[in-house]
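Encoded as structure tokens, the following chain is the form predicted alone, with no partner shown.
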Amino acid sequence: MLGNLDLTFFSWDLLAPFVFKGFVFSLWLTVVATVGGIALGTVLALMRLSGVQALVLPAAAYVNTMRSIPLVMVLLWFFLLIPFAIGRQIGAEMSAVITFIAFEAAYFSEIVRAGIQSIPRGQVNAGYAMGMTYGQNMRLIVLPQAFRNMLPVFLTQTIILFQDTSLVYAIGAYDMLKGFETAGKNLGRPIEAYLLAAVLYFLMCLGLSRLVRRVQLKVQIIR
């Protein structure tokens, strides 16, 4: 079977009409979901660390629920239920964006929570002793140090997020994998198309993994 593989006819001119659009969407979804997930995840983490039960309980329930359900199921639920909730269709791509931000926020919130808890309590008490409020302590002392410590983990989670973008096929969104699938069907070479998709995913994730390693080394030097 492997002897029948033929990759010679694949070229950028052939793949670009099918793959480039999906490639751009996969990258855009990764960036938007990372930024949105970190923002919402930070809010959830601060709610869980506030000590106020009215904030702790809903935040904990949200995080634990999202982390207990497969992403592809959450994708399908959002895609099918949101139109009923708002009374109109929003499209597969927008459903994917909302779902990824909501889902990834649960994971980023745990990273942020661990990062905040890694800051020595003495620094927080020193801030209070200088007359700072809770918000000033977080903004000026805790979060700048915590985000620096969390940067390698953020990047690792972003690599996982990029790999997960291939799941949007379940709701019909046109991502990079869908582009390769379409190219394979149109060119009559589906196996070669999936093989090239796997190679591209591998190379991109390998490059990002090496970037994470370099960031880890720089963070260690700063410490």
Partner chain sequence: MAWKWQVFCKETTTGETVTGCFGRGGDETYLNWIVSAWGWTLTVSLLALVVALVAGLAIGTIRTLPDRPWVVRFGNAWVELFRNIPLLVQIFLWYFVIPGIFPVMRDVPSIVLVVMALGMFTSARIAEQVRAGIQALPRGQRYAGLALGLSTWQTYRYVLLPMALRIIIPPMTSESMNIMKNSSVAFAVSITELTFFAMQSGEETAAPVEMYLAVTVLYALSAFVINRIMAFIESRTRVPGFVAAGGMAGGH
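Given the structure is predicted, the values throughout are model-derived calculations rather than measurements. Numbering follows the first chain given and starts at 1.
Below: the form predicted together with its partner chain, not depicted.
- With its partner chain left out of view, which of 76, 132, 141, 90 would have a heavy atom within 4.5 Å of it in the predicted complex? Of the listed residues, the single hit is 76.
Using a 4.5 Å heavy atom cut-off, which residue among 72, 126, 94, 82 comes into contact with its partner chain in the predicted complex? It is 72.
Does at least one non-hydrogen atom of residue 56 fall within 4.5 angstroms of its partner chain in the predicted complex?
Although its partner chain is absent here, residue 56 would stay clear of it in the predicted complex, with no heavy atoms inside 4.5 Å.
Contact flag, residue 202 vs its partner chain in the predicted complex, heavy atom cut 4.5 Å
Contact check for residue 202: yes, within 4.5 Å of its partner chain in the predicted complex.
Find out whether any non-hydrogen atom of residue 61 is located within 4.5 angstroms of its partner chain in the predicted complex, and reply yes or no.
Residue-level check for residue 61: no, no contact with its partner chain.
Distance check, residue 111 to its partner chain in the predicted complex, heavy atom within 4.5 Å
Residue 111 belongs to the contact set for its partner chain.
Problem - Members of 97-130 lying within 4.5 angstroms of its partner chain, judged by heavy atom, in the predicted complex - result: 103, 104, 107, 111, 114, 115, in sequence order.
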